[in-house]
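Next up: just one chain, as structure tokens, the form predicted alone.
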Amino acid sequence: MLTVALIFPELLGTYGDGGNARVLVERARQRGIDANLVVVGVGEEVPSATLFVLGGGEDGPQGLAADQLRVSSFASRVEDGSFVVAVCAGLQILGTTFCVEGRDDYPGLNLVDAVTRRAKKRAVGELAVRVKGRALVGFENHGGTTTLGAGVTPLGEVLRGRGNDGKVDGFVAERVWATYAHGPVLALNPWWADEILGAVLGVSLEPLVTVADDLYEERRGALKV
């Protein structure tokens, strides 16, 4: 059984990021894999899950989400083997510190050595990232600059937009994928959703051709990446 847990969508649900969890579950089910979606609300205990999904959110909700997760079993479940997909605010929460209004060193979960500081200019617009030779497409809207610690691997090279710092976007750590790309990013990039699914399940997935593939190619062509 593949259990995908969507964490605090009422706080971390900007730009439909909760759709990432639904994409993973549906693409698994379409291949005959038993998959279940669990939505975890604020104040609820974080359950055991194969994969957790964190989305984006504004400063206040982001800080509240970090506070809630810090006193929950989330970090221990990740350390015990659960996987994570995180977007924007979710990415920052996984790191050491991040910025919220009135404070530039808000404590994260310290699961990944990544520090987010306030950027001089907000990044708003299209985001394209080269990930293992393919273009990941989406859009970004954030005011941070994220610096990765030694040994933390970026998700990919920025082709358009800013991502972490104008050079790279996101990070890949043990059982963790993170990006600044909204969209929801896994709906826009079905190939990446399948790459994540395959890694989580430990299998080589058969191709699944849907209209999402055509839409991805249209978006990639429009961005010329």
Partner chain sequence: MTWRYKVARGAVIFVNRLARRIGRGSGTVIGGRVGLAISGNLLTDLTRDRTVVLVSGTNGKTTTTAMITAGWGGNVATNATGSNMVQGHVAALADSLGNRAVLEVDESWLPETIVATRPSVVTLLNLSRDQLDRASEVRHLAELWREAVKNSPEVTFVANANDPLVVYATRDGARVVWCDVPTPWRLDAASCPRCAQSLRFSQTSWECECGFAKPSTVDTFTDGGLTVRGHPLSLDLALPGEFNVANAAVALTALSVLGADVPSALARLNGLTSVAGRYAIRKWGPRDLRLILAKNPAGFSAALPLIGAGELWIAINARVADGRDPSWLYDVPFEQLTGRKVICLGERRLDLATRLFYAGVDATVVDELDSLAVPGAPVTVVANYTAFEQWRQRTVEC
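The structure displayed is predicted, hence computed values, not measured ones. Numbering follows the first chain given and starts at 1.
This protein has a second form, the form predicted together with the partner chain, left out of what is shown; the following refers to that one.
Peer 1: Decide yes or no: are Gln30, Leu188 and Leu215 jointly within 4.5 Å of the partner chain in the model of the complex, with each residue judged by its heavy atoms?
Peer 2: Heavy-atom distance to the partner chain in the model of the complex: all three under 4.5 Å.
Peer 1: For the interface check, one of 45-53, 196-204, 167-175, 180-188 should have non-hydrogen atoms within 4.5 Å of the partner chain in the model of the complex; which one?
Peer 2: Correct option: 180-188.
Peer 1: Going by heavy atom distances of 4.5 angstroms or less, which of Lys132, Arg117, Arg122, Arg103 would be at the interface with the partner chain in the model of the complex?
Peer 2: In short, Arg122.
Peer 1: Just to confirm, Leu64 within 4.5 Å of the partner chain in the model of the complex by heavy atoms?
Peer 2: Yes, Leu64 lies within 4.5 Å of the partner chain in the model of the complex.
Peer 1: Would you classify Asn141 as touching the partner chain in the model of the complex, given a 4.5 Å non-hydrogen atom cut-off?
Peer 2: Because a heavy atom of Asn141 falls inside 4.5 Å of the partner chain in the model of the complex, the answer is yes.
Peer 1: With a cut-off of 4.5 Å between heavy atoms, is Glu157 one of the residues that contacts the partner chain in the model of the complex?
Peer 2: No, Glu157 sits far enough from the partner chain in the model of the complex that none of its heavy atoms falls within 4.5 Å.
Peer 1: Should Arg220 be classed as touching the partner chain in the model of the complex when contacts are defined as heavy atoms within 4.5 Å?
Peer 2: Contact with the partner chain, no.
Peer 1: What residues of 1-24, in sequence order, lie within 4.5 Å of the partner chain in the model of the complex by heavy atom?
Peer 2: Contacts from 1-24: Glu10, Leu11, Gly13, Thr14, Tyr15, Gly16, Gly19, Arg22, Val23.
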